[in-house]
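Before any questions on how it binds or moves, here is one chain, the form predicted alone, in structure tokens.
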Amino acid sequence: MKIAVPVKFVPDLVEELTIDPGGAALDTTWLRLIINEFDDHAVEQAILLKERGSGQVAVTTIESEGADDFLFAAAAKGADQLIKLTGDFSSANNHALARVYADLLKELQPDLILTGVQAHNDLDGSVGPLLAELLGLPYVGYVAGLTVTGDKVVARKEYSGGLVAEVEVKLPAVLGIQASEQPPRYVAYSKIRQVMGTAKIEERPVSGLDPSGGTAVSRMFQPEVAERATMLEGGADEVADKLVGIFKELGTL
């Protein structure tokens, strides 16, 4: 079985985010990118499936800062094929990414495609469902564990109240991973350095992007600071009376 895992990098929210002079995008001059957390779980789930039986894992991403390091780390975990799409992705949205990944996946012909279920910079839909539509494959999202048997996969979805649903899907299919069955493993840097001497990153040039269908951003801005909180003082009855008065003024009572 061949498993493909397309991953993306997202802005590190620990860093201070600034808006470029145009006012409709983030300033990428000093923007630090990190692997999308859910995509990291998708890679871990793919490695777990490989370890349970025979199979190959292909991890692919677009050219960006830290891409090579992540791909070599994936190889140190057990990935068999590393692919980096090269080109100008500065204006890429999820629709454009899904299209370039779909072209690659049509060539690779994997039995199973795992993606992170979402990312914190998704404005125009998650990559997984878009990929499934472009490839004409079934999609199940928010998966927290799966089992492969023959030409079928049973995906487990967790719901509130401790409920777990099992969805059987015929392969090939696309799954959006919310959490792998174990946390993404840590790989010592010494092992990654060792892999760098043997593993090879295949570079595939992408000549053009088609961002159609995505959300057009007209303006971005920092949240405005304002003093709108009203602190109510007094005893419980007095505060309750004030709350009732406020609700009446707002027309909710």
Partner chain sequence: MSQDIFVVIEHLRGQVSDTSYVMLAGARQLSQSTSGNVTAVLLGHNAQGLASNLAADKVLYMDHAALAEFTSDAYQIALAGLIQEHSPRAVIFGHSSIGMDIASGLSAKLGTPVVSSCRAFTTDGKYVSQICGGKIMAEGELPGPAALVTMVPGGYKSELGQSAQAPALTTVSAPTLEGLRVTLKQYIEPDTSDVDIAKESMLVSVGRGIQNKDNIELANELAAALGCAVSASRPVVDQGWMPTTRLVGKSGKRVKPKIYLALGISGAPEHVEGMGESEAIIAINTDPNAPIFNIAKYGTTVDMFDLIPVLTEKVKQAK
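Positions refer to the first chain, counted from 1. Fair warning: this is a prediction, and the values are worked out from it, not measured in the lab. Between two forms, the rigid core is the largest collection of C-alphas that superpose within 1.5 Å.
If you look for the form predicted in complex with the partner chain, you will not find it shown, but the lines that follow are about it.
K.L.:
Answer for L108 alone: is it within 4.5 Å of the partner chain in the predicted complex, judged on heavy atom distances?
P.N.:
Answer no; every heavy atom of L108 is more than 4.5 Å from the partner chain in the predicted complex.
K.L.:
Verify the contact flag for S126: yes if a non-hydrogen atom of it lies within 4.5 Å of a non-hydrogen atom of the partner chain in the predicted complex, no if not.
P.N.:
Yes.
K.L.:
Taking 4.5 angstroms as the cut-off for heavy atoms, does G150 touch the partner chain in the predicted complex?
P.N.:
Flag for G150 set to no.
K.L.:
Indicate whether G234 is a 4.5 Å heavy atom neighbour of the partner chain in the predicted complex.
P.N.:
It does: once the partner chain is placed as it appears in the predicted complex, G234 has a heavy atom within 4.5 Å of it.
K.L.:
Residue by residue through 103 to 119, tell me which have a non-hydrogen atom within 4.5 angstroms of the partner chain in the predicted complex.
P.N.:
Those in contact are V117, Q118.
K.L.:
Honestly, after the rigid core fit, is L243 moving at least 2 Å at Cα between this form and the one not shown?
P.N.:
Moves: yes, 2 Å or greater.
K.L.:
Please check if G162 moves between this form and the one not shown, taking a CA shift of 2 Å or more relative to the superposed core as movement.
P.N.:
Yes: G162 shifts by at least 2 Å between this form and the one not shown.
K.L.:
Is A226 one of the residues whose Cα moves 2 Å or more between this form and the one not shown, with the core superposed?
P.N.:
The answer is yes, as the C-alpha of A226 shifts between this form and the one not shown by 2 Å or more after core alignment.
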